[in-house]
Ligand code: CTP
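We begin with a single chain expressed as structure tokens, specifically the form predicted alone.
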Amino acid sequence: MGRRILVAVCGSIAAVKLPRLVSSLVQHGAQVRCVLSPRAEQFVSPLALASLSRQPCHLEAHQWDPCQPRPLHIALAEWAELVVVAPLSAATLGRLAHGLADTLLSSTILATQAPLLVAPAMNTAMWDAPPVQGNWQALCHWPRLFPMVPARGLLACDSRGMGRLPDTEVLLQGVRAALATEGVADLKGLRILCSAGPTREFLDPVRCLTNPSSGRMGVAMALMACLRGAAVQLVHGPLSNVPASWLEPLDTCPVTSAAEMGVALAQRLPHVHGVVMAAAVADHAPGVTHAVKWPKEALPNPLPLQDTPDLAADLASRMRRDQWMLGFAAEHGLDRARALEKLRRKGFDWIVLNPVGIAGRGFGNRPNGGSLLWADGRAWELASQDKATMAGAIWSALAGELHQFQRSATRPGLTEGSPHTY
């Protein structure tokens, strides 16, 4: 990561989670400094944050310290390349929305020119209160502001609802997205449909045909699009090795088989701008099935197989000219010619060529890499990296093309595009 990040902590019980975020940022190579609001000092130890960041933790009492050669809020504001305000309390939200520079923390935020990532956390009723929502809407009009809405779940007050601070893993991905876009939600206004994970084609209740896909790449594509402002729907097969918190911001539809995934995707297709086909759909299903476990000695040998539906090609045939599709191709040897042939055959607009058969990369692993290919042969190389980072790189490469997308060539079955009315 290697960037200068100022973590501004407000007075909310969720502040107890911040040491983990600070530790994670440092472990990923960031330079981190912390500033606490007066109330935040009651919830989190300044000593803990100083120890984890390897930097002094700045408190309200330090605002006009005579040992400081310059006003502290100006020095911090100019040092930061990104300011992370987490948790953002209702009180500090009100201060910022009305331009009140009455604390070190609010003065620093108002003085900075760096992008701001803000993550509110409070009781659901407080979050829903009209004055708070009015302040939130006013704040969201700031330039270079990267908003992260609260998560749903069990709150410290024992109620359930919206108001939880997003988990550390999601905040970390939000930081990556904010740094990559300089605080601009570059996918805002887009509705995106993503598929992820393997499918399972059952022979009987305990046996199935599947593959080792974890679904992590597809979920990462969905999460990073959501963090960058898109409204995302995710249709996914059985997932593994995917943080549960990655799914919290998403509108999800879990399925099992290729047929179920096809139905779910087709239902949602008319209402989106584009589709990401990252699911590893099983190529075949058993030609025979049994409602109860088949005795081993009674299993058909050889097992008859039937082809599963070609979901990508089917969706492509239903798309309008103003809808786009990004596909994925897992190939040995990073065979570009084969990937481009798949792009044209399936009707993709771009395709990500992934390696398989390389230890520690691809299916079932956290790192991934490869190439993003255009139909005209252009390529964007994707170094081996964490899948969430790779997802961010893919969206950065495509973001400029997505808002005004219109296919110049016809695809079989395409209908004429019309203005989106969402």
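Residues carry their position along the shown sequence, with the first being 1. If you're wondering where the values come from, they're calculated on a predicted model, not measured in any experiment.
Although it is not shown, the form predicted together with the ligand is what the next lines describe.
A.B. asks: Among the candidate residues Ser245, Thr308, Thr124, Thr103, which is the single one with a non-hydrogen atom no more than 4.5 Å from the ligand in the model of the complex?
C.D. replies: None of the others qualify; the residue that does is Thr308.
A.B. asks: Counting any non-hydrogen atom inside 4.5 Å, which residue from Cys226, Val275, Val281, Ala119 sits next to the ligand in the model of the complex?
C.D. replies: Of the candidates Cys226, Val275, Val281, Ala119, Val281 is the one lying within 4.5 Å of the ligand in the model of the complex.
A.B. asks: Under a 4.5 Å heavy atom criterion, is Trp324 part of the interface with the ligand in the model of the complex?
C.D. replies: Trp324: no contact with the ligand in the model of the complex.
A.B. asks: Under a 4.5 Å heavy atom criterion, is Arg152 part of the interface with the ligand in the model of the complex?
C.D. replies: So Arg152 does not count as contacting the ligand.
A.B. asks: Asp167: heavy atom within 4.5 Å of the ligand in the model of the complex?
C.D. replies: Residue-level check for Asp167: no, no contact with the ligand.
A.B. asks: Report yes if any heavy atom of Asp204 sits within 4.5 Å of a heavy atom of the ligand in the model of the complex; otherwise report no.
C.D. replies: No, Asp204 sits far enough from the ligand in the model of the complex that none of its heavy atoms falls within 4.5 Å.
A.B. asks: Name the stretch, out of 214-222, 167-175, 337-345, 288-296, where some heavy atom lies within 4.5 Å of the ligand in the model of the complex.
C.D. replies: Answer to the contact question: 337-345.
A.B. asks: Relative to the ligand in the model of the complex, which residues of 309-333 have a heavy atom no more than 4.5 Å away?
C.D. replies: The stretch 309-333, when checked against the ligand in the model of the complex, contributes Pro309, Asp310, Leu311, Ala312, Gly327, Phe328, Ala329, Ala330, Glu331 at the 4.5 Å heavy-atom cut-off.
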